[in-house]
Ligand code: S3P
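There is one chain below, alone, in structure tokens, taken in the form predicted on its own.
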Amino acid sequence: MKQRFNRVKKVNGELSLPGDKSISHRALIFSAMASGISSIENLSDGLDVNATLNCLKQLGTDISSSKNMTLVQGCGFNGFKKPDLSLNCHNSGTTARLLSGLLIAQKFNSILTGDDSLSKRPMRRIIEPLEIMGGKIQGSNNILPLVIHPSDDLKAIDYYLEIPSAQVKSAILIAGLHLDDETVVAEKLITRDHTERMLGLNMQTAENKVISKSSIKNYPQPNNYFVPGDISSASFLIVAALLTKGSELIIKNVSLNPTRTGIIQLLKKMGAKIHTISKKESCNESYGDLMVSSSQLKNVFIGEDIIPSIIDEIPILAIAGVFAEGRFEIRNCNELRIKESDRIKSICNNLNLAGLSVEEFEDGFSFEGKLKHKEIIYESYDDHRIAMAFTILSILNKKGGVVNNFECVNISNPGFLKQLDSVCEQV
């Protein structure tokens, strides 16, 4: 589907967003693992989270939803049942990787599959540590489908995460929840810590490493979760408000987890007027209201340390860079090559269409120049974050723009168009 967008004059109003995708996955999984009933308020309505929900149902979890509340009757320790069919993760890498950590500890065979895109993404990084723990996983060429066999020899490990990945870290820690001895994961660069916070895991810093630990004593208990609004989804609207004159946008109850707010920190360094006007907490997760006002931005140096906390926001950060003063450059983000699309190439190709002078590197890209003020058809590459990023570029262009295969936004934010319409004033 081709979606056409007209230029927007300004962005004003208040907005509440569906629940954070990363927190939603974990709230569902931990509720399913617990023995008893858990409630989840404001669960993400994206297709990725729905993939996790359906896989957990196949494993015997009773899940029901009404309005903005989801009730989960957990299966308890060793209470999952063998699924009749393979577990289809569709496009969700989080589903595949987190469930791998859960499934290696079960007493039955299971098979994880995915769509064409997910089936091309590397799984060796998850297979290796889980096999070191004693997990039995088969996967041709280290991609989906993965066949997971029961193992009687699971053991706790100390694992150093050389490539930053919250998904891999979480899978190891989830597997460790089934063991008496303590499983330890160390990482040089801190990644998203939702798993640790929501489970109350022990975290510490030592020898310039962040260390997380889990054991059977941390096994999930029934809980009442409130899922804050998705900061990654919010970032598209934040940039739209920053770059349109006379704008003032309040985003309610959005996640303020410090491992996720790198995009806010970076935009502030660029000159963005973003203020936290309230702050709350639920299940060790911070959230609150943000006020965003139109701003003049300037491109700044982006250090390696912040990359893990902005990895999903780099597409929209690039759009902010188009309208900021000076040359934009980002490096050390090789991970973008293996997302739903090769996001480095996707961003560069679309920015070239927009008339910018773009240089692509193996680990990033840079660009400078002026935007062509004509209607451009951008490719989404069936990647939800690319589609939303170039939607924002389109509404900032005097001549608007078109995004091809726009429907892929449903992966994370099916309500994206309605959200835009509710706060955007057309020229």
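On a predicted model such as this, the values are computed, not experimentally measured, just so you know. All residue numbers are counted from 1 along the displayed sequence.
The same protein also exists as the form predicted together with the named molecule; that form is not shown, yet it is the one meant from here on.
Only one segment in the set 267-275, 130-138, 111-119, 310-318 has residues whose heavy atoms sit within 4.5 Å of the named molecule in the predicted bound form; it is 310-318. Contact check for residue 231: no non-hydrogen atom falls within 4.5 Å of the named molecule in the predicted bound form. Shown alone here, residue 166 lies within 4.5 Å of the named molecule in the predicted bound form, counting heavy atoms only. The named molecule is not drawn, but in the predicted bound form it has a heavy atom within 4.5 Å of residue 94. Although the partner is absent here, residue 413 lies well away from the named molecule in the predicted bound form, with no heavy atom inside 4.5 Å. Taking a 4.5 Å heavy atom cutoff to the named molecule in the predicted bound form, the contact residue among 178, 213, 192, 197 is 192.
Contact annotation for 14-39: residues with any non-hydrogen atom within 4.5 angstroms of the named molecule in the predicted bound form are 21, 22, 26, listed in sequence order.
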